[in-house]
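First, one chain by itself in structure tokens, the form predicted alone.
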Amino acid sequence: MPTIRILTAVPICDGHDSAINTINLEFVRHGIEVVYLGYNRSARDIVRAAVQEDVVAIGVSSYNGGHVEFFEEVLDRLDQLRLKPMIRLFGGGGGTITRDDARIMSARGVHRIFFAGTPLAETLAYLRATYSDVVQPPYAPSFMGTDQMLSRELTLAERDSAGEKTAPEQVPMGSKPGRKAKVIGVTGPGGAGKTTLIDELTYRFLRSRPADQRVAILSHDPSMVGSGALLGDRATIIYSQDDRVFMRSLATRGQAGGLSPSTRRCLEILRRSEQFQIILVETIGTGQEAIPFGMEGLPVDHAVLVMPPDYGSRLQLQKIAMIDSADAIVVNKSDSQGSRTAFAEIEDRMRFNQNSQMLLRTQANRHRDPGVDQLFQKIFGGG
């Protein structure tokens, strides 16, 4: 049975995310993979993410009014991309969506509206009854070269890795044959700021490269008890909400080491598509033993280890194997107490490494941080 994969979001000008967070966790507990886009999101953002993540449905939680028009805009954008029959739209809004509103929305194509007081079990039963048997086939040749086609190929790769039989790949080729994407792996402990750092690097790429150049991001989150996953990196990005950025979220689905069973194949599909100059691969928060990139893991052009200042004692530092193989080691959150001490301790730890490595401090949540500028010049080639 295919894994149910949906996207949830809260509309623009609506900051009430407590309800959607509760619903997300309930879905994850019961084996559903939820791509959470966050709150204050436009219809454009929602549809772009739904396309790239190749979800079967979009769930929107709306508490601020304007829901009839907002849901209709989401449907219109899906229709423009020829996806309205393939990606269904459902949602709820406490007491703000009336039953009269729901009838209007249903007539316009919204599949289901849940009202205040609906038990979580009822929403979960709806997902299982409606989407458990949905099998997404390859797209028709008319979609060749689109993000829709590319995202479907990644879905088929995930299903193959899970042991499901799929049709042969139809990798969408770009318009400039022969381009080779540079692959950058980013790893480190949970909470180190990897996603924020990637978003800042992406921002620099978008500003410094021609408008026809694109970047892809393969992001990973852990599968949880019940085999569901909360794929939440999109909720924290700012600059990567751009048509020149293709982002795909993968669940680890039981694999250790920070990556997914399908990562290697998904990376190859992105490379062969010839649509991207840069591909960033972000692992989940990894431990002492993990070496996800390089000779022992996924082949990348540059491996970046992102460290927080509070990694523990010097003894703990000695156990982090990735320090010996990363091309760049970043002490992020440099405004935090202890960052200078951490930098000095890591520098000492690196002293006997034989390979050429770069060590720097960054504050990724500070716009135009010079440390991030330096890292960008090192691994992206500057411009």
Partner chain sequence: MSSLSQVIVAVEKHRRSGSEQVQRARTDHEFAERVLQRWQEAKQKIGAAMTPTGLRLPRLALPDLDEVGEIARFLWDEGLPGEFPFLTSAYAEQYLDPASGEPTPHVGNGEKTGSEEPTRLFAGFGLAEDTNARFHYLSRNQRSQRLSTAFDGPTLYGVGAGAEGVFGKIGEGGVAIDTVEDMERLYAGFALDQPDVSVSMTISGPAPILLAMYVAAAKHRFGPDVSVKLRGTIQADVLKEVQAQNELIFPIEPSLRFLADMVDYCSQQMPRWYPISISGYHIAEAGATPVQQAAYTLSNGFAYVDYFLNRGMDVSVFGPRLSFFLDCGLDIEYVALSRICRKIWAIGMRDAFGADKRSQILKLHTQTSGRSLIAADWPNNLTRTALELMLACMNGTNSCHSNSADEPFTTPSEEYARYAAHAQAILLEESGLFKHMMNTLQGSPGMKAVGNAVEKAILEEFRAIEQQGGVVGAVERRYQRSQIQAAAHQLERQIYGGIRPVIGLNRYHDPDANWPEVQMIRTPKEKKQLQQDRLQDFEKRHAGEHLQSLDRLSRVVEQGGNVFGELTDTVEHCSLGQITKRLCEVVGKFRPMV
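Positions refer to the first chain, counted from 1. Note that the coordinates shown come from a computational prediction; the quantities given were computed from them, not determined experimentally.
There is another form of the same protein, the form predicted in complex with its partner chain; it is not shown, and what comes next is about it.
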Heavy atoms within 4.5 Å of its partner chain in the predicted complex: which stretch among 22-30, 343-351, 51-59, 318-326?
22-30
Would you please decide whether residue 17 lies within 4.5 angstroms of its partner chain in the predicted complex, comparing each non-hydrogen atom pair?
yes
Counting only non-hydrogen atoms and a 4.5 angstroms cut-off, does residue 360 reach its partner chain in the predicted complex?
no
Can any non-hydrogen atom of residue 126 be found within 4.5 angstroms of its partner chain in the predicted complex?
no
Is there a heavy atom of residue 144 lying 4.5 Å or less from a heavy atom of its partner chain in the predicted complex?
no
Can you work out whether its partner chain is within 4.5 angstroms of a heavy atom in all three of 4, 132 and 148 in the predicted complex?
no
Between 81, 206, 120, 256, only one gets a heavy atom within 4.5 angstroms of its partner chain in the predicted complex; which residue is that?
120
One residue of 213, 96, 288, 136 in contact with its partner chain, assessed in the predicted complex (non-hydrogen atom, 4.5 angstroms)
96
